[in-house]
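One chain comes next, on its own, written as structure tokens: the form predicted on its own.
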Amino acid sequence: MAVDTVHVPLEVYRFQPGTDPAPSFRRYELDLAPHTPVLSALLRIRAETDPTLSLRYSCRSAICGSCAMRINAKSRLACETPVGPEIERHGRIVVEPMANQPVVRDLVVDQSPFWRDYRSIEPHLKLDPYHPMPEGKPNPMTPAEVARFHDTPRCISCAACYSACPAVAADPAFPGPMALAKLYRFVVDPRDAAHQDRLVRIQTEGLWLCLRCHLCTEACPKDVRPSERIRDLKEMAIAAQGATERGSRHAVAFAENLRGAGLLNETKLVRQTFGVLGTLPQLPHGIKIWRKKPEVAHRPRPIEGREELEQIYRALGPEGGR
């Protein structure tokens, strides 16, 4: 019985730094079964058409994470992305290397920035030296304690979330979604003796640079949901230290500010976030904004339905939805 096939135009990123003057795309055309993974298509191109194509892969079973790349502008694993739905949705398949990491050649990137940021959060248990675990015996955990990990142990370090993250692209101080999800895993581990120090330290080392766009969660092939773990870290950091850093002050001020009238008092929010002295360097920006949008200087009028908003705040509890 013949297997139905679909015509698959692939436009593949090609670039060898130091040799090629600029990146380019090379077009290949194949007839494939719709369920064929993009990785299999690329390997067929390399085996039958162009042996110079460079890419990373290993297990071909969505376990190792080696074949992460951008497929039609989305960071994902090539081994679990079938060609059929991509052709149906886009009419072609554009394959590019992961973002936020230098290209070594074609679809291969240098992951040094990714692993540097991962190591920076010290992803290992820090045991209490004054209360060591018994020699040769495990430290038991209850099911409830294990459940607090959520799905963070499922992470395969593929860097798809790192590639998808606009905060990584915007600011090198941001350690990336995977590093913060791993940090969460150790913060909630009852065996770790440094969770308080971790929370205090991460407040000034990138936690509040997250843009809350949730693109990392969309990209994750293992449903680790990094954006939700980053949210949890923010709440725990404020509980551990209070709103002492600009990002945490902004989060707390935003929630309190919005509660007043149902609309932001933007001038007040800047003052609450930066403090009186910290607001002074922002004045030139504020003047530019005021000239284009004079209403920002006015106290907002209370919106209708504030009672419903107050019900939401009460339902969120004392944390106020931060």
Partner chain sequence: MQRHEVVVVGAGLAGQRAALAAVQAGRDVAIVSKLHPLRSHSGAAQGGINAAVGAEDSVDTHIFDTVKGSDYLGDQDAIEFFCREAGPIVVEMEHFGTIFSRSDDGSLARRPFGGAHFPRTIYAADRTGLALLQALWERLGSENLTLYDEWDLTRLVVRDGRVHGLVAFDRTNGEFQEISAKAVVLATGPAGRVYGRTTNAHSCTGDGIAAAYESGAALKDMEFVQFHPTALLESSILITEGARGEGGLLKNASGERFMVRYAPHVQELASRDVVSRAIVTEIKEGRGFSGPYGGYVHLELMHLGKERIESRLTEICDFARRFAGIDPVTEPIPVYPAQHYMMGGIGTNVRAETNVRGLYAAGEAACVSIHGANRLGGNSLLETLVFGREAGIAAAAYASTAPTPEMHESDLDEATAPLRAWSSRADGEDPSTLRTELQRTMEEYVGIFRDEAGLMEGLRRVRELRRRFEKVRVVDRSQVYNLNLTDALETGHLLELAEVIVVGAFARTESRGAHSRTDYPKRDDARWMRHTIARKGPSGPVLDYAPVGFTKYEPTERVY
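Fair warning: this is a prediction, and the values are worked out from it, not measured in the lab. Numbering follows the first chain given and starts at 1.
Below: the form predicted together with its partner chain, not depicted.
Not displayed here, its partner chain is approached by Leu55 to within 4.5 Å at the level of heavy atoms in the predicted bound form. Taking the partner from the other structure, its partner chain in the predicted bound form has no heavy atom within 4.5 Å of any heavy atom of Lys234.
Contact annotation for Lys182: at least one heavy atom lies within 4.5 Å of its partner chain in the predicted bound form. By the criterion of a heavy atom within 4.5 Å, Pro51 is counted among the residues contacting its partner chain in the predicted bound form.
Checked against its partner chain in the predicted bound form, the residues Ala240, Val108, Cys213, Ala194 give one hit for a heavy atom within 4.5 Å, which is Val108. Checked against its partner chain in the predicted bound form, the residues Ala62, Leu30, Val270, Ala253 give one hit for a heavy atom within 4.5 Å, which is Ala62. You can rule out all but one of 242-250, 154-162, 225-233, 202-210: in the predicted bound form, only 154-162 has residues with a heavy atom within 4.5 Å of its partner chain. Residues from 139-171 that approach its partner chain in the predicted bound form with a non-hydrogen atom closer than or equal to 4.5 Å are Asn139, Pro140, Met141, Thr142, Pro143, Val146, Phe149, Pro153, Arg154, Cys155, Ile156, Ser157, Cys158, in the order they occur in the chain.
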